[in-house]
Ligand SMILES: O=C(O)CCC(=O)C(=O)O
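Quick setup: one chain, the form predicted alone, written in structure tokens, and binding and motion questions come after.
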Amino acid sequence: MVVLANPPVVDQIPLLRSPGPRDSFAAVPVVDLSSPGAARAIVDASERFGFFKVVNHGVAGDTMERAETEAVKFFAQAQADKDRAGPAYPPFGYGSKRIGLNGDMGWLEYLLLAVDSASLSDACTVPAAAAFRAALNEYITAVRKVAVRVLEAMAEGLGIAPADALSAMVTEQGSDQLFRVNHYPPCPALQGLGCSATGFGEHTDPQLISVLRSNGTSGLQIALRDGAQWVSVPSDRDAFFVNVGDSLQVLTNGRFRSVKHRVVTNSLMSRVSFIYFGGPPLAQRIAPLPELLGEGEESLYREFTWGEYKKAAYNTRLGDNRLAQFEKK
């Protein structure tokens, strides 16, 4: 955290040291989804970092570009027009700076959207523009397929059956899926001061899996060594980045790591990102899978439903250890 004697006005948003060249994480695991070794590579990355980049994913470049173009148009509107699409809480729509209901702030604006099956829920009326909605539905359909392929590869690599043991949780009726479109405007007031505004504060994702894509502007950071070191993830607009979520950490009894991550803003360039969150139905029981427990190995967590964990998670601050209250002492 950076503290300035006379900080520029950034609406009480925390400041962080600006990333430098030495902060770049050159060792980001890269998984080729078309490779025969993809399953093993995904398991290895999920155990080591809880995070990896996916290439050869099969999503058309035009699909990604259309969604990004329409998002840029939306966020370029007058503030009054965007405000009519909110507030994001409750339950869905446009939000700005305020993240959730517990006091977390970020230098961003965003759309928080509900997904039903493989497209935006009819109950989610935002965005209203037909072109934007169509572009997002095309993108969500494609990225959800990537999430399913990754979860099926995880099951294969872990040696659990059936093949959809994990992916069915995000494809079955009633699965709890979300989609975020984040826009991090540039913050030129901080240029040359050695610090950057917090775009999205440090946190883990509570769902099973998150699949992210952004434009060519960097800003995403992940924590190594339990938060002792933050490293910057080089941007790649043609790839997807996958985060292991809290629920998947529990299902694997801690074998996979739910990655702590954050976003640091750029002083001159805007960042636009899309995140698909794959969660199970609210009644889904979350507990370590029996086939992943070794002989005599006990569960590290007490069993809960996704609905119970979701409620608990969203009642906390972003940076809290959300799983702590479900760990067996």
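Every value quoted in this text rests on a predicted model; they were computed, and no experiment measured them. Throughout, we count residues from 1 along the sequence that is shown.
Not on display, but discussed next: the form predicted together with the ligand.
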property	result
Open or blocked: site for the ligand, pose in the predicted bound form superimposed, 2.4 Å backbone/C-beta cut-off, 3-atom minimum	open
Touches the ligand in the predicted bound form: residue 261 (any heavy atom, 4.5 Å)	yes
4.5 Å heavy atom contact, residue 277 to the ligand in the predicted bound form	yes
The ligand contact in the predicted bound form: residue 180, any heavy atom under 4.5 Å	yes
Exercise: residue 144 in contact with the ligand in the predicted bound form, heavy atom 4.5 Å	no
The single option of 136, 187, 154, 212 touching the ligand in the predicted bound form, heavy atom within 4.5 Å	212
Sole residue of 200, 240, 132, 256 within 4.5 Å of the ligand in the predicted bound form, by heavy atom	200
Partner-facing stretch of 261-269, 296-304, 46-54, 280-288, counted where any non-hydrogen atom is within 4.5 angstroms of the ligand in the predicted bound form	261-269
